[in-house]
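Here's a solo chain for you in structure tokens, the form predicted on its own.
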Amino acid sequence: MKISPSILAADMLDLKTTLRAMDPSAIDFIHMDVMDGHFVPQLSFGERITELAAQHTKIPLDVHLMVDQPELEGPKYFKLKPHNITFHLEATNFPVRLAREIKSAGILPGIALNPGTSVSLLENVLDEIGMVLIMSVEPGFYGQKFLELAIPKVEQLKKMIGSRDILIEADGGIGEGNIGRLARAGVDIVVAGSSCFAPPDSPSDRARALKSAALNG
């Protein structure tokens, strides 16, 4: 299991210190929740804050676009060379075109699905992408409870993927109590918010605890 802490749960006014303290041996990615106040009600940050974050860490960025018209916003992040750029299937009419543009920029293309969106809608785009993000809460609202419907969705998606080289990521309400079930269902990467930023432990120590729970839970 790989861990991708969401910096929205960190102290955004001291983000430089937080990023520099993260241990790459414990933390695999840094999740950048880009929210536009339209696709989701909340407004977070855009490419400028993402660029500044990249300057203070060597940990790969996991860019999650919760925005309308990601075909317009996505290319703004190409120059940053994140590990992946993930956009919502619900937010665009051009998922294949956008996925191909992201891939041509040397970045892993990902598609995210809201809790109410069926994984069957990915059937015609699976060959274009390298990651699927299953939302286990409604996007744009911090601190929600994990939705159990995510487990069967992951299991169904795992069967659909078959032999394709596609990562499965899950995001929302995940902690030591349920990460083991997600691992058994087929999740490769977990986005961790409050479960990774829980004082007095450091995010790196919390990430290690989550990995241990994924293995033994």
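Please read all numbers here as calculations on a predicted model, not as lab measurements. Throughout, we count residues from 1 along the sequence that is shown.
Same protein, other form: the form predicted together with D-xylitol-5-phosphate, not shown, and the subject of what follows.
Heavy atoms of Pro60 never reach within 4.5 Å of D-xylitol-5-phosphate in the model of the complex, leaving it off the interface.
Contact annotation: Ser194 falls within 4.5 Å of D-xylitol-5-phosphate in the model of the complex, judged by heavy atom distances.
When D-xylitol-5-phosphate is considered in the model of the complex, Lys153 lies well away from it, no heavy atom lying within 4.5 Å. At a distance threshold of 4.5 angstroms between non-hydrogen atoms, Met35 is in contact with D-xylitol-5-phosphate in the model of the complex. Each of Leu8, Gly140 and Asp171 is positioned with at least one heavy atom within 4.5 Å of D-xylitol-5-phosphate in the model of the complex.
Scanning Ala91, Ile102, Ile111, Met135 against D-xylitol-5-phosphate in the model of the complex with a 4.5 Å heavy atom cut-off leaves one residue, Met135. Exactly one listed residue, out of Leu182, Ile189, Met66, Ile27, brings a non-hydrogen atom to within 4.5 Å of D-xylitol-5-phosphate in the model of the complex: Met66.
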